Structures are given as C-alpha cells and as structure tokens.
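Before any questions on how it binds or moves, here is one chain, the form predicted alone, in structure tokens.
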C-alpha cells in the first residue's frame, strides 16, 4: 500500500491509494484559507488512517476546500459522483461542515464532520461529528467560572455558525446561574481588527471574556485585549487549541484558559486516563513525520475519524452489503449510530441515534497557557 499525489478538480492537493481499493472515503479539509491551522494537521494525519478495514482496502481522496463552504460542497459532489464515495470526512470549519451535512442527507451518504456542528433534521441523521459538542465544552468553562467567582462575562466570537452555536450553548449553560452575560460582540474570520469590539468590552470591564474563534484568527482578540490593558480572565474554546494560536498571540495568550480534548496534553495526563496511551503514540508518530511540537488537536479529530470508521466498517460487513452501493452507505450510517467504547485520542466513543457525538466526560480537560504552552489543569 502506498500513497500517491495527484491534482483533483478544485483541490490544491489530493492523494489516493491505488484504484483497486474497495472502500472509497472522500475527505475535504481546509489546508489553505483562514482555517488552515485546522486543516493542515488534519491533512497531515490522513497518512496515519487505516488503509485496510474489515478485510477491504481503502481509497482516500483528499481535497483542499480553502475554507470555502462552496468549494467543500463541490469537492464532495465530485467525489460522490466520480469516486462513488461510501463516506465523507470533513470539513475543518463549522460553516463548511454544516453544508456537507446537507449534502450527506441529500445523497444518503454518511459524513464525519471535523468541526462541531448542530445536528438537525436529515443532515443530523447522517452526520457523526468528531469534535466535542459545544455544550460539553461550555459546561467545562462554566464550572471553572463558578469555582472562581466570575459574575460578569463578556463575549467576542465569530459571526458565523461556530460563533453563534457556541454562544447559544454558553447561554443555555448560564441559565439559572448568577453570571450575567454581556456585552456580546462579534467579528468575521477574515477581520484584521477587533478594536471597536474590544473597546466596548473593556469599557464594560466584565470579570471574564469568552472568545469564540479558531486557529490563528483566535489570537487577534487576545492581542487587542492586551493592548487595551484588560486584566480579567480570558477564556477561549477548543477552536483555539493550536500551536499557531500560541505563536501568534505570544505573551497575550498567557493565562488564557480553554477546554480541549485530552490529546492536547496527552503526556501530562494521569496514567489511568482512557485516551492517554493512544494519544501518546499518535503524538509520537505525528511529530516524527512533521516535526517536534507540531501536534495539533485538530489532527486528532482526523485520527479519531479513522478509528471510528474502522470500527464501523468491521461491523457493517455483517450486513452483507457491498461497498459502493446505497445499501452499504446505509449500513455504515446505522453502525455509526451504535458504536460502543471505541477508543480515540480525544474520546472514547459511544453513539446512539439520539447522541451522534458519542462523547462523555472523558473527552474534555481544561488547560491554561503557561510559558507559551499548554498546561494541564484537571
């Protein structure tokens, strides 16, 4: 089994195993554009995905959608129509992942999003996201806020699906507490300044400010808050859990607290942590191929997609359906909704028709930025 690179449609990159592979997996990630700090490690993790599942070889066709939902949709349509894809993995950012859930429902093709999305209607029926759900991560932040006497919370988040969905999750968590939310400010992924929003937040001087962003754009609010002298607690989300964020934010990131998947600090976890062994091994393998310190939480979601898919393929074989058929895609979907104790580097997955995320408390830890790196808190 080997990998070869080739151009493919809208993709800036694409690689596949030989055409004799029988299970076709269409992958679209944001290897360029504003979400590149998410998509690059995801793309770099594809070579670590299983190339044999359930006795069948696997063909991965990988596209770069450049953080453009329209391009992601075109990539996946091309893969479904030309490669007869059995399953979709992607994309890196929430807007594109939401769009792919719609395509999955339309074509009755299961999809494993690499971004946290709100599961609704038929799209939710076919989608099984890898990242922790926003409600779970918001809950971890709330616990820390309450333990540290936070009474007022400002908000500065993306003006897109990720920002709004996390805001809604946070508001739901705050209901019934004595923590007051506001001001609520927003910015676009491509904005180069958030000075106006930060001035409003600093003027209100809340005890803490929650930033909801991802990749390198998540550093902009930290930098601007530092410039304006804000001294309260800054929280980020798992969307900021990249070394690129640490590099760009620099000293302005110090003391920032965020909920992350355990892979981010795998080596710091207690030995009895259920994700530690696999996380340490993935970290070792990934950094051997991509350089010391290159590990990313986002690559871990791609790795977990491979673990989940491998488990599903093994069980789908019992259906008797052949890869490349509607019956096989339906069988994969049904198995993906009944996974039991499938280990990954972010979580141990247990899915049901009512819970496609399949995460529990084992899938989140809190970290603080200390001396330019992540420090495990709990």
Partner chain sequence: MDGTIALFLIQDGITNGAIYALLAVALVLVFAVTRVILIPQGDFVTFGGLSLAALEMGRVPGSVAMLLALAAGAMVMDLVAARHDFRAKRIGAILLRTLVPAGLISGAVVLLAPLQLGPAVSILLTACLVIPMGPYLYRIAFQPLARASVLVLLIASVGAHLAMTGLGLVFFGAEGYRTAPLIDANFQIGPLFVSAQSLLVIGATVVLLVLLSVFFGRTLIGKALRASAINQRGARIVGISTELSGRVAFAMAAAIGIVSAILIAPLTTLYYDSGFLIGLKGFVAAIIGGLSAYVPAVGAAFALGIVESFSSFWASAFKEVIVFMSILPILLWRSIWSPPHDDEEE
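Positions refer to the first chain, counted from 1. Quick caveat, the model's predicted, so the values are computed rather than measured. Between two forms, the rigid core is defined as the largest C-alpha subset superposing within 1.5 Å.
Although it is not shown, the form predicted in complex with its partner chain is what the next lines describe.
- Its partner chain is not shown here, and in the predicted complex it never comes within 4.5 Å of any heavy atom of residue 138.
- For residue 129, no non-hydrogen atom is located within 4.5 Å of its partner chain in the predicted complex, even though that partner is not displayed.
- In the predicted complex, its partner chain stays beyond 4.5 Å of every heavy atom belonging to residue 59.
- Looking at residue 254, you'd find every heavy atom of it more than 4.5 angstroms from its partner chain in the predicted complex.
- Taken together, 97, 103 and 261 are entirely out of contact with its partner chain in the predicted complex: none brings a heavy atom within 4.5 Å.
- This chain is displayed alone, yet in the predicted complex one of 148, 171, 205, 192 has a heavy atom within 4.5 Å of its partner chain; that residue is 192.
- In terms of contact with its partner chain in the predicted complex, the residue from 293, 121, 182, 196 that brings a heavy atom within 4.5 Å is 196.
- Of the stretches 184-192, 78-86, 112-120, 267-275, only 184-192 has residues with a heavy atom within 4.5 Å of its partner chain in the predicted complex.
- Residues of 199-233 lying near its partner chain in the predicted complex, listed in sequence order, are 199, 200, 203, 216, 217, 220, 223, 228, the criterion being any heavy atom within 4.5 Å.
- A displacement of 2 angstroms or greater separates the C-alpha positions of residue 199 between the shown form and the other one, with the rigid core held in common.
- For residue 120, a C-alpha deviation below 2 angstroms is recorded between the shown form and the other one after rigid-core alignment.
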